[in-house]
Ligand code: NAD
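A single chain, nothing else alongside it, follows as structure tokens in the form predicted alone.
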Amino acid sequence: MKALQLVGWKQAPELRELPEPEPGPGEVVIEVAAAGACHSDLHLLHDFEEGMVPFEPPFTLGHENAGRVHALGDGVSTGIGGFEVGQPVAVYGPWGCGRCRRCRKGMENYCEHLTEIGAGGGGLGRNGGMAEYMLVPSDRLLVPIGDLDPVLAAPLTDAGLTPYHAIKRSWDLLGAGSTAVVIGCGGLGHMAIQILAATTAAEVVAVDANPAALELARSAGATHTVQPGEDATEQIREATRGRGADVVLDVVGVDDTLALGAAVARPLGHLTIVGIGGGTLGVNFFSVPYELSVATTYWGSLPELMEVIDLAERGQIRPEVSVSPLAEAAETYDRLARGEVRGRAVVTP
């Protein structure tokens, strides 16, 4: 089968021929219908070096995946509550040990044994979904998607789940009269805006340097749009009627965006860093608003993915996608790096 693999750090991915995977006990092989191309993959391709993460190339890229069950290993449950060959499914991306307390709560994104496991999941140290078939180590990692188009379901597993988790932790701040600021309106950001509109009463201010991204943000439900610059802080303050933002989601995570987030947040608010741009935020008694909580989040839980898929099935959220075949997947990453992708890029093996 064809698979797009990262063969070495700071190297271009290669389309290679690999044997079709066969499921062992408890494992499932899915026929991949769609795999999202995530901006974090660009860090794998361009920034990471040996020793930075607990895994090494080669492995197949693609950690946002959906498709249909192709083959079941011995011991996989079938029938009521189980899985059948041909069934449409999404793949939960973070693969933990499945046994620690956090994993048993469905929070494999915060598995207590990730260091010992040595890989973050399919597309993150283990073979992902930029291939015709993908081996999933346990049926616990599959979520039925019913009639939902796999091309739309795949981005939900990260571009939908990650901002949903970040927003959910701040729901108590997002009632009537509140404001949320989303910095970065690409794959995750445009989904964050939709999720805020669907699940909270907050007004949403979208920030992005790209006019096309701000246009997408408005169509996703943003009530105000701002381009970065000298007067960005003032514009956001005006949009919040001088109070500042109750919640800031920084989906970029560079120095400038972190500084902007701290400048426009209000006391008792949340500044949640979702993007892995590598920036830093200096914190002292006077540098951030009083009782501003600054947190990083990573992905989301399995129950939260079920909630995200439910929102999509009810038509309350819908990722904006641009689709390309597996043969053009490497070029898709190049377009993503150049900022030419609207919403989420999806590869269809």
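Numbers follow the displayed sequence, beginning with 1. Nothing here was measured: the structure is a model prediction, and the numbers come from that model.
Although it is not shown, the form predicted in complex with this ligand is what the next lines describe.
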query: Every residue of G187, A209 and T257 near this ligand in the predicted bound form, heavy atom within 4.5 Å; finding: yes
query: In the predicted bound form, segment of 245-253, 111-119, 76-84, 134-142 with a heavy atom within 4.5 Å of this ligand; finding: 245-253
query: Exercise: A213 in contact with this ligand in the predicted bound form, heavy atom 4.5 Å; finding: yes
query: Contact test in the predicted bound form: I276 vs this ligand, heavy atoms, 4.5 Å; finding: yes
query: Contact test in the predicted bound form: R68 vs this ligand, heavy atoms, 4.5 Å; finding: no
query: Proximity of G175 to this ligand in the predicted bound form, heavy atoms at 4.5 Å; finding: no
query: Of L61, C38, V308, I30, the one that lies within 4.5 Å of this ligand in the predicted bound form (heavy atoms); finding: C38
query: Residues within stretch 59-81 having a non-hydrogen atom within 4.5 Å of this ligand in the predicted bound form; finding: none
